[in-house]
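The form predicted on its own is given below as one chain in structure tokens.
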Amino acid sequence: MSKTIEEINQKIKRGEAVVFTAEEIIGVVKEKGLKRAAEEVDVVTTGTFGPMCSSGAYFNIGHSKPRIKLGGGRSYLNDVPAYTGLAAVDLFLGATAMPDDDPRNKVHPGEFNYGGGHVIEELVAGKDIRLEATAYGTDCYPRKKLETWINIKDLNEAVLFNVRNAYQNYNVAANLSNKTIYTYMGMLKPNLGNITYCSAGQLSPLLNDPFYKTIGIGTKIFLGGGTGYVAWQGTQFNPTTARAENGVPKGGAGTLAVIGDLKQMSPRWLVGTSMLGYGPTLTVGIGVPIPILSEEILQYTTVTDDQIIGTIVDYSDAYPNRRNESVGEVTYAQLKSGKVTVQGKKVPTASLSSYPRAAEIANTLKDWIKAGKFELTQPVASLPGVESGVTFKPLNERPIAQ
């Protein structure tokens, strides 16, 4: 049995496409069997909703009168610094940027109440954003100071561009020390007081396509409440991470760089987030459709939480000091039960990502497809596979001659 994306799109146009979420497909295959289900099902939809630090947005604000060259100067959006080194009136705002006067962790743990992710959320919500800029002035761009309000509806372009999203599995975080620590995986209590994780598990996009057979550069996706595309493999892309027998990686592996029109998006699916003791970020909603082109691809989408393994890492010592040590392994079914046994101790668990919201994304994408509002795209290129030899290379520290 084999299908093509074009054949599936024709069924979408006729309103005949058979679509299930990655949660629903598990029972469908169990009831009908793999062969029959592969013949009948056209698309499986996935979803994830969690904090994704490597996110940001770029804008073209238009020219003031007289003109000003923001590049080489300083620009702030609601007191949050934006990167100006692109051109005269193009700005890039990172999700983790924060105001210059934020106390950070001076009084530990810092609250980080406002940052780039919050500005993006407010911009998408249609709120006015205060722009303050200074420049050095040129003959063609003489203005040296600008204070004004901007609104997303008035911007020439507003584009979400996230360089590392939708991690394919990730560390499970623990704390073996005798003091509370504050991390991007949340607050971790001492002496294995709790464990945190951040994945939708059986709903997560890249866990349903572990070898990137359908998800590639140019794949059309649900992004932030609108539509977007996979632009490239994400940073720290690492397909050679150790995998279980079913092909699912046991830790952080593939990632996606994604792009989309911010003007289509919603503050429900782009949420400014504060990580106590760590910093601000952006919680992002992403959903990826998986075309069922073969029985093999369908088989991957039937992965269940009890078949997905996470590696427990100590964030008090092994992680910050980059030691490749594991406290143990645990399945997502165990994590989602609320308690796991680690080193003979029952430890409560908590997720930084929202499974109900991931399910909502997968169902929304399913509804779009069934209504003929969302067609699939043929990737223009594949993501690097396991055989590519591509690995994430950590910093090779070399002393600088004095």
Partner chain sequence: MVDKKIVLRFPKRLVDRPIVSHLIKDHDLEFTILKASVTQDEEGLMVLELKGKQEEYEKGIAYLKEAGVILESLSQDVTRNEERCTHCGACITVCPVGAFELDMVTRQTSFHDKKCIGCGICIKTCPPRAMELHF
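Residue numbers count along the first chain shown, from 1. Because the structure is predicted, anything quoted here is derived from the model rather than measured.
Only in words, not in the display: the form predicted together with the partner chain, which the text now covers.
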Exercise. Which one of these stretches, 368-376, 61-69, 27-35, 343-351, sits within 4.5 Å of the partner chain in the predicted bound form when only heavy atoms are counted?
Worked result: 343-351
Exercise. The partner chain in the predicted bound form: within 4.5 Å of a heavy atom of each of 121, 276 and 337?
Worked result: yes
Exercise. Do residue 189 and the partner chain share at least one heavy atom pair within 4.5 Å in the predicted bound form?
Worked result: yes
Exercise. Would residue 212 show up as a contact with the partner chain in the predicted bound form if we use heavy atoms at 4.5 Å?
Worked result: no
Exercise. Is there any non-hydrogen atom of residue 264 lying within 4.5 Å of the partner chain in the predicted bound form?
Worked result: no
For this session: Please run the contact check for residue 157 against the partner chain in the predicted bound form: heavy atoms, 4.5 angstroms, yes or no?
Result: no
Problem set entry | Listed residue (132, 317, 111, 128) with a non-hydrogen atom within 4.5 angstroms of the partner chain in the predicted bound form | 111
Seminar exercise, completed: Checked 252, 73, 226, 272 for heavy atoms within 4.5 Å of the partner chain in the predicted bound form; positive is 272
